[in-house]
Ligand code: NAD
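So this first bit is one chain, no partners, the form predicted on its own, shown in structure tokens.
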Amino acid sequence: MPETPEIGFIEGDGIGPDIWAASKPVLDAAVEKAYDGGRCIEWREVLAGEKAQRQFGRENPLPAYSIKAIARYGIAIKGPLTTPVGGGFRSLNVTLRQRLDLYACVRPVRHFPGVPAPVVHPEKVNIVIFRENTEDVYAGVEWPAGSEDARSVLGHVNGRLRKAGAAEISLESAVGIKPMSEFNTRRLVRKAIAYALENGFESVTLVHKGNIMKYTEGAFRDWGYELAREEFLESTITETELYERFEGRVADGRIIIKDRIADAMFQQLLLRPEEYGVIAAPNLNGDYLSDAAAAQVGGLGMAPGANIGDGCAIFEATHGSAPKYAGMDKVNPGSMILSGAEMLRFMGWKEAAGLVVKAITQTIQQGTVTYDLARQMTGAREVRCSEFGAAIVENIIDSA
């Protein structure tokens, strides 16, 4: 990483410009403080979403040059991008992930002291979810009900079902395809295990619905175990082996590889969150789990996220664009700021990342928070989005 890297930024739609305006000074201040001016980021704007449409037309929310620019920079950070429900263009977030092969959606979830949470012990949640980003039902291979394409696909499927003596599917149904491959599963699990080893986590849990979807999610589970056995034999142990050989005790510092059925995992995160560290999941399961886990520690307003491939990474606010609050300088920029901290850590600038986390924690404990937190806290001082960012900058500057 050079001392003055070029990093792309996408403001985002709706509240995106507000939270970016509050976040950028925080990241710059942390880098300045950590390295005494010896390092800085050269920010390069990349157009996407409504801003791109205003310049290039409604039919071009993600110009080809924007994808090329992110690939060239190698690292980018983005605000939320609006996706129409039902009709309209496909998710720009999904498109970016697929076009740039950002196969791992990485979502750290932890509680920050002082943040109101709906559970009794939010501090027990300290997990990192690795969600496969490129396939599953999010691949976008689907056809509307009653269309010629849907009927054609279902006609072929029904032919196979008749041969098997199974019930046929109505030709008037909408239909989608759920692809899941060994290659994409293995590289996700590989990245999850490597992360657990590098960051001191005790376990990696494969979350799936393989009891029902045996050849897709069941295969995800099997491929994950195979990858651990073939590439991390000396540094991992399965949960079954742990109890058979070590009677449940920690086995020589090795990572425990285990699996959980998706619906049971939601209960486990509520009842026994301290038993889980890194989680690896297919796309849909990972999406649900990420938001549910974030709710346990106070919501998406404080939930960072990253989409990482082998040659590129995009860090992002994990919440939506909230257009009704656009331009009001009102919402919590915490998700964007903490995603920036994850970006700095990814770059190897851990000192700057630590300053961001320390300062945002201190600001919350001082009771200086945006409306979403202030309405749940006693004695808090409600401030605007920009003021919250400025308070964090002040704590960075004043830090020892």
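Owing to the predicted nature of the structure, the values given are computational and were not obtained by experimental measurement. Residue numbers run from 1 along the displayed sequence.
Absent from the display: the form predicted together with the named molecule. The rest refers to it.
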item: Candidate stretches 274 to 282, 98 to 106, 136 to 144, 309 to 317, one within 4.5 Å of the named molecule in the predicted complex by heavy atom; value: 309 to 317
item: Contact residue in the predicted complex, chosen from 216, 93, 236, 184 - any heavy atom within 4.5 Å of the named molecule; value: 93
item: 118, 155, 323, 179 - the one with a heavy atom within 4.5 Å of the named molecule in the predicted complex; value: 323
item: Distance check, residue 331 to the named molecule in the predicted complex, heavy atom within 4.5 Å; value: yes
item: Partner proximity in the predicted complex: residue 346 to the named molecule, non-hydrogen atom cutoff 4.5 Å; value: no
item: Touches the named molecule in the predicted complex: residue 15 (any heavy atom, 4.5 Å); value: yes
item: Contact label in the predicted complex: residue 80 to the named molecule, heavy atom within 4.5 Å; value: yes
item: Stretch 359 to 378 - residues with a heavy atom within 4.5 Å of the named molecule in the predicted complex; value: 371, 372
